[in-house]
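Here's a solo chain for you in structure tokens, the form predicted alone.
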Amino acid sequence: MSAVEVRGLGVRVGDATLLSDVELSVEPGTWCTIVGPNGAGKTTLVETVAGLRRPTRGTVTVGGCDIHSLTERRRALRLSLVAQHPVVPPGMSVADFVALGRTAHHGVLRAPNARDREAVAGVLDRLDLAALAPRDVATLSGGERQRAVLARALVQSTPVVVLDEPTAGLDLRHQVELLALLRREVSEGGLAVVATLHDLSLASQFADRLVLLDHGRVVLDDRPRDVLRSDELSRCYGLAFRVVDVDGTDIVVPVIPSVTPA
């Protein structure tokens, strides 16, 4: 069974069509990254997959269940979300912030049990956050804060994680570190990931598949190297690209038109 199945998905808001006839299937242990120009519908797609937005037509199933038919708590047991602009409350320790991810397991009115505390400690350790556990989450650097947000998602222990531009605002080192941590969870833990990324080079290095979205429609769904070398990529972005192989890694370089001085 696929971890995520999207069938005939359409989203309309008023007269605007944001998504149209989107088909997507993501297996366990697979990282699928949605790419495309601004306004392509990437955030709308991940929000709909995560259950935050209801589709006009079509279905999203996670583990065989329609994600939009589930209660918020039952949805949180199947899928976790890292939003593009996560809310980080001040005055809360890193450990307590990460522990919020266990709420769906023990309920709002019950205190965390030994299994919850063990899960939190394990994720803090895996993401190298144990030393920061007592710190106020609001005092963390950008990279540390994003790791804490990812930790909160991972401690939910869901088979699927959805991320919308998880590296936004991070410098290159912290982008790579965060994506490498997530890649390890996919490879070693069988996690299914649906993410959006603007950086095509980083997307190709960490994802198993790239889905090229444009005007709310899937244009390509293939291996990263095939999507990056396609004519459709340049057409959708309205920009020519060169793909350079650097020690087996594809680097995407935009071709800047020459400008003749006046």
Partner chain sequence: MTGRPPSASRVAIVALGAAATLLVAVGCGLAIGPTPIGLGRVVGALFAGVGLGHSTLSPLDATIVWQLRAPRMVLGLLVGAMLAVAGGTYQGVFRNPLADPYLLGVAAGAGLGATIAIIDVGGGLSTPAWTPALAFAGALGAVALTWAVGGRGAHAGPTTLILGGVAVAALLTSAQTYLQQQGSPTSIARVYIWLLGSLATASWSSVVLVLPYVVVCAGVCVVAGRALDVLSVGEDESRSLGLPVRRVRLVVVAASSLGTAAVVSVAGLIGFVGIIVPHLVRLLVGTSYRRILPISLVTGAAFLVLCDTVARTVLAPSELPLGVVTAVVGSPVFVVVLSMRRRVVA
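Numbering follows the first chain given and starts at 1. All values derive from a computational prediction rather than experimental measurement.
Separately, the form predicted together with its partner chain exists; it is not shown, and the next lines address it.
Mapping the unseen interface onto this chain, V87 counts among the residues with a heavy atom inside 4.5 Å of its partner chain in the predicted complex. Using a 4.5 Å cutoff between non-hydrogen atoms, G63 does not count as a contact of its partner chain in the predicted complex. In the predicted complex, at least one heavy atom of G51 sits within 4.5 Å of its partner chain. Although the partner is absent from this view, E72 contacts its partner chain in the predicted complex, with a non-hydrogen atom inside 4.5 angstroms. In short, of 120-128, 171-179, 186-194, 149-157 it is 149-157 that has heavy atoms within 4.5 Å of its partner chain in the predicted complex. Residues R7, A16 and I34 are none of them found to lie within 4.5 Å of its partner chain in the predicted complex, as judged by heavy atom distances. For the partner-free chain shown, nothing in 213-231 comes within 4.5 angstroms of its partner chain in the predicted complex, judged by any non-hydrogen atom.
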